[in-house]
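Here you get one chain, nothing else, as structure tokens; it is the form predicted alone.
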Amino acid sequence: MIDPTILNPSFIQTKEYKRFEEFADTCESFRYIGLCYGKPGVGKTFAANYYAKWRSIEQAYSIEKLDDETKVEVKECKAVFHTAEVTNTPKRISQDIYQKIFQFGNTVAKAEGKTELNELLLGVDKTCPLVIVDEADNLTHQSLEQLRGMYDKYRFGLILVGMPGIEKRLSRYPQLYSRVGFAHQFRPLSEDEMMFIFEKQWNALGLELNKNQFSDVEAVKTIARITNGNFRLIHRMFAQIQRLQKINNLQKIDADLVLAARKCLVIG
């Protein structure tokens, strides 16, 4: 059985995440539209989810009375998080975003002790400070215009997360693009950050990464070369390493095992 800590890694506040956090905070403070783009697997969605803490809102929304721990979690939520579907229309985007704004306003109001219906509804009028839309490449021109209209109406900060090139695509829509205040390129992990993650993954497999042992150093360099700092690919690689390690009853990770794991992966 694969260790769940490998398939579902705990969040690590990397330097790239701290840069994203500062970018998101600025979009919220100035109520600008921000563009976040980067290659697949570098951690954009993972970072945006962690920043927004939207799951706390989703879990608390249907709870009539929140306990103290849940109240604290809800108050830490910073943004509405929405993933654009492959098939989307302006009407659907409007409905989905407004529903999440409603959830955000009312759940935060409950956490702040506002229990009367009229007090809760006031939370909707205040809207929310920031909306993050992931997979923004899926949005049609009309859906983007609908988002712009909602942005103008509610005056929330807006972050569109997508692939490299989204900034060039949006430049063709002057009404939207003129409102873009910030752009953030989400970069792959640095060598130091990869080493930090590798040590954690070695420990998750019940091993200790020895930097003075050639086989460990060679394995690390091989993984770093194959993954090239891609956050998602690193965790897929270690899932395969663990699988092969258990099948073959191996007690160490070396370059041969890494290369065997590489053959099991589809890498674009």
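This one's a predicted model, so the numbers in the text were calculated from it and none came from an experiment. All residue numbers refer to positions in the sequence shown, first residue = 1.
Note that the form predicted in complex with a small molecule isn't included here; everything after this is about it.
- Relative to the small molecule in the model of the complex, residues 138, 169 and 180 are all farther than 4.5 Å at every heavy atom.
- Residue heavy atoms within 4.5 Å of the small molecule in the model of the complex occur in exactly one stretch of 213 to 221, 238 to 246, 33 to 41, 51 to 59, and that stretch is 33 to 41.
- Using a 4.5 angstroms limit between non-hydrogen atoms, residue 26 is distant from the small molecule in the model of the complex.
- In the model of the complex, residue 12 approaches the small molecule with a heavy atom inside 4.5 Å.
- The shortest heavy atom separation between residue 45 and the small molecule in the model of the complex is within 4.5 Å.
- In the model of the complex, the small molecule lies farther than 4.5 Å from every heavy atom of residue 202.
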